[in-house]
Structure formats: C-alpha cells, structure tokens
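Next up, structure tokens for two forms of one chain, structure 1 and then structure 2.
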Structure 1
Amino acid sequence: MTKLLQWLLGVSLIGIAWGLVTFDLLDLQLPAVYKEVAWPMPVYLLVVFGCYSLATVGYRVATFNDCEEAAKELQAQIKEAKADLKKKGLKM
C-alpha cells in the first residue's frame, strides 16, 4: 500500500470517527460535552497546526546563524569585483 493510500485511510478513519460523534449517527447518546468538544475539531487541528508552523518559523528566524564578518567580507569582495570589472570595460 502506498504512503498516499495509508494517509488517506488514516484520515478517513479519523474523519468517520469525528462524523459519528458530531452528527450522532449511531445514536450512542454520549454526554453532550463530547459533542460540544468534537464538532470544532477539524478547525481546531488546523489552527493548532498553523500556530505550530508560525512558532517554528519564528524560532528559526530568532536563532538563525548570522555570520556578520563573513557577510561584510563578501560585500567588500563584491565591491572590489565590481570596480575591477568596470575598469575592464563591463557596463553595470
């Protein structure tokens, strides 16, 4: 079974379980609280995933490995190369 089929199977099982609880298709007569918590679940999981992505991006921006001297050195080399090429006649 391919990964796609496995994922689709997993998602549909979870979806069926959610549908059964939210729309009371089996007349299980669960306490009303379970219905209350279950029906926003898809949106909740999406929001949680969004929050996790945002936090990951923010964390990796804050801990990015800046190399300031290497950056300055590179910019100096670019300037030097531009001046050199201009001298040799290349139009920038």
Structure 2
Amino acid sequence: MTKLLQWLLGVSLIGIAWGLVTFDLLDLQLPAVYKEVAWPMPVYLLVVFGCYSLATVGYRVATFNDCEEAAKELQAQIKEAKADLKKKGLKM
C-alpha cells in the first residue's frame, strides 16, 4: 500500500466518522455537545496538519547535512566552466 493510499484511507475514515456524528446518519441520538464539538473538527485537523507540516520542514532544514566535498567539487567545476568560456571569448 502506497503512502498516498494510506493517507486517503485515513482521511476517508475520519470523514465518514465526522459525517456520521455531525449529521446523525445512524440515528445514534448522541448528545448535542458531541455535534457541537464535531462540527468544526475538519478546521481543527487542518490547523494541526499545518502545524505538523511546518514543524517537520523546520526540523529537516535545521538538521540538513552539509556536503563539503560536493561543494568543493562544484566550485572547481564552476572555475573550469569560467575558464572554458573565457577561452571561447565570453567576457564576464
């Protein structure tokens, strides 16, 4: 099962549970408090997902590994390309 299918399954299960509680489709006769809490739940979940995403991206950026060897190699390739372009008559 791919990650996309896992997410779609989870979201659909939460959506079905939300619809059952909010619209009382199974005639469960739940207290009104449950409906009042369930009605704005998608907005709360969206905010929580946004906070989680922001925290994950921030963590990944903070712990990003530097590749010093690759940086040196790239600098050497840039110098080589500049020298090659100067030979061909391009002025920088």
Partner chain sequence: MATGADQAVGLGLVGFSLLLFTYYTLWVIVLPFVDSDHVIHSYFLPREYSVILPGVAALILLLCVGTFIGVVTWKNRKPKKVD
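Just so it is clear, the model here is predicted, and its values are computed rather than measured. Structure 1 provides the reference sequence; residues are numbered from 1 along it. Superpose the two forms; the largest set of C-alphas matching within 1.5 Å is the rigid core.
Legend: structure 2 corresponds to the form predicted on its own, while structure 1 does not. With the core held fixed, residue 52 shows a CA shift of 2 Å or greater between structure 1 and structure 2. Once both forms are fitted on their core, the CA shift for residue 36 between structure 1 and structure 2 remains under 2 Å. For residue 65, the Cα shift between structure 1 and structure 2 is 15.1 Å when the rigid core is held fixed in the overlay.
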